[in-house]
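The chain below stands alone, shown as structure tokens; this is the form predicted on its own.
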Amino acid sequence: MLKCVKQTFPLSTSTLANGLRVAINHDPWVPGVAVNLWYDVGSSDEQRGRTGFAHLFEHLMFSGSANVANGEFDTIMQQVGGHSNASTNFDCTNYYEVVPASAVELALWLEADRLSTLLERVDQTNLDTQRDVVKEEKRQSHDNVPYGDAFEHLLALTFPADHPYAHLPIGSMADLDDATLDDVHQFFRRYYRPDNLIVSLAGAIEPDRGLELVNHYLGEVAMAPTNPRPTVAALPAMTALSRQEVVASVPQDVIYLTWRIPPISDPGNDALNIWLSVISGSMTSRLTEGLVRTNLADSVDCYDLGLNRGNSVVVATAACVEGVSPEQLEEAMSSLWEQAINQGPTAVELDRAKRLEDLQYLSDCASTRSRAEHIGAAWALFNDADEINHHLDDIHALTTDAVAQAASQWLRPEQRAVLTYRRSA
């Protein structure tokens, strides 16, 4: 039996009087500190006709506040030897800084300034500028690249049109054009508040000192009226096979398959992700052996989108070798998929998948930036900041029967949706 690799990260958690949650991982063996902020707002919180706001604020948060001019946030970080960035997904918006230990106070002051005073800088000119930046990003990353609209189609195949996950975080051009200054200000006031925020610190800072600094700079930010996040009902696995074909100027024919599965906070999600590792996670996986090594596909990949409101989504994709049609590849892939579900993973395959998870997870957590992100994400999504310390235990507790049962329930071939990209003549 494979033994779990043990690595415990010291963790101190607190909740301030204004509702802000703080998690601190003291690591004296590193020279710096990662400061990570998770706002519990993503594109799934947006209303129809008002999409793209969560991602828009990822840009607006760097465009100035009462005491920091537009563009100065990153400049200040670079001057002290640090760096910063942000990301937006369906469920959360994440901001982070990695700084020398001596600059933690500066990073927290910068975050407090933009949380408290950002709207003083968000005027019509600022909104128009950042809206144009986001629209150009959409053109470059979605509209004008091969397969760039794939996930727009996949979400439409997988969710009803009114579902919170039915649109991408980037939003639509029309909605961004229609956004008013008042719309944007209301969105910020609704979601950018301390009781909707998790601050996690990882690195060379003592827990007491870290809590003192967070409380000093962010503890006085006023708590706004609470707006409970609506519960999103779980959808069952898909039962009717839905299809879409796109003919476009793409390098090669590609197929995408999706399945609805339980959200990442569901106890059964780990078993599904281990099954995905078994079927596609290594050079000896079943899809690699059955599709790539037999010259049907140039590449295969399977992954969970990591969604948490009602459902998540598994995506499997394969690129056709020249001369192999999408129909041939889909038939071969579906046959291997069904065979793998009917047989279940072998003990050897399961152990290999667990070893791979050990390697990937511990390698990721070696970085203080990623570690702080893991802690904040787990508290936001699982309500469990300490998940970082038992995740691998949970993985190693999985049995072949548990993994096989989860895959059979949620990932049968007849429960999929299919998107095909066919190269135009």
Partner chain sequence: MRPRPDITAPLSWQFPTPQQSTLSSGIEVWHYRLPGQYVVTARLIIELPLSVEQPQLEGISSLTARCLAEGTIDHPGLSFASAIENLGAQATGAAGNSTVQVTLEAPVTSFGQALPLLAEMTMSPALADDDTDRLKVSRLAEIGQQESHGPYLASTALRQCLLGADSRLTRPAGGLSASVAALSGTEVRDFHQRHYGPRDAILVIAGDLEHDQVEAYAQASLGSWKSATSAISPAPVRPGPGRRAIIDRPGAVQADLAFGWFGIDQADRRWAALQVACTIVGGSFTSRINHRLREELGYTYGVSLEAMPFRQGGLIYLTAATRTEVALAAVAEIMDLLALKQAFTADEVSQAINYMRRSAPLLFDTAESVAGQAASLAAGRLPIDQVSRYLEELANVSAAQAMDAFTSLVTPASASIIAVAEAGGLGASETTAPWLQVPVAPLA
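Given the structure is predicted, the values throughout are model-derived calculations rather than measurements. Numbering follows the first chain given and starts at 1.
Unshown form predicted together with the partner chain; subsequent notes refer to it.
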Ser325, heavy atom within 4.5 angstroms of the partner chain in the predicted complex: no
Partner proximity in the predicted complex: Asp195 to the partner chain, non-hydrogen atom cutoff 4.5 Å: no
Non-hydrogen atom contact Met283 with the partner chain in the predicted complex at 4.5 angstroms: yes
Asn36 within 4.5 Å of the partner chain in the predicted complex, heavy atoms: no
Option touching the partner chain, based on a heavy atom within 4.5 Å in the predicted complex, out of Arg243, Arg229, Arg189, Arg139: Arg139
Of Leu381, Leu392, Leu398, Leu356, the one that lies within 4.5 Å of the partner chain in the predicted complex (heavy atoms): Leu356
Contact stretch among 263-271, 329-337, 301-309, 100-108 - heavy atom within 4.5 Å of the partner chain in the predicted complex: 100-108
Complete contact of His153, Glu206 and Glu414 with the partner chain in the predicted complex (any heavy atom, 4.5 Å): no
Residues in 285-305 close to the partner chain in the predicted complex, defined by a heavy atom within 4.5 Å, in order: Glu289, Val292, Arg293, Asn295, Asp298
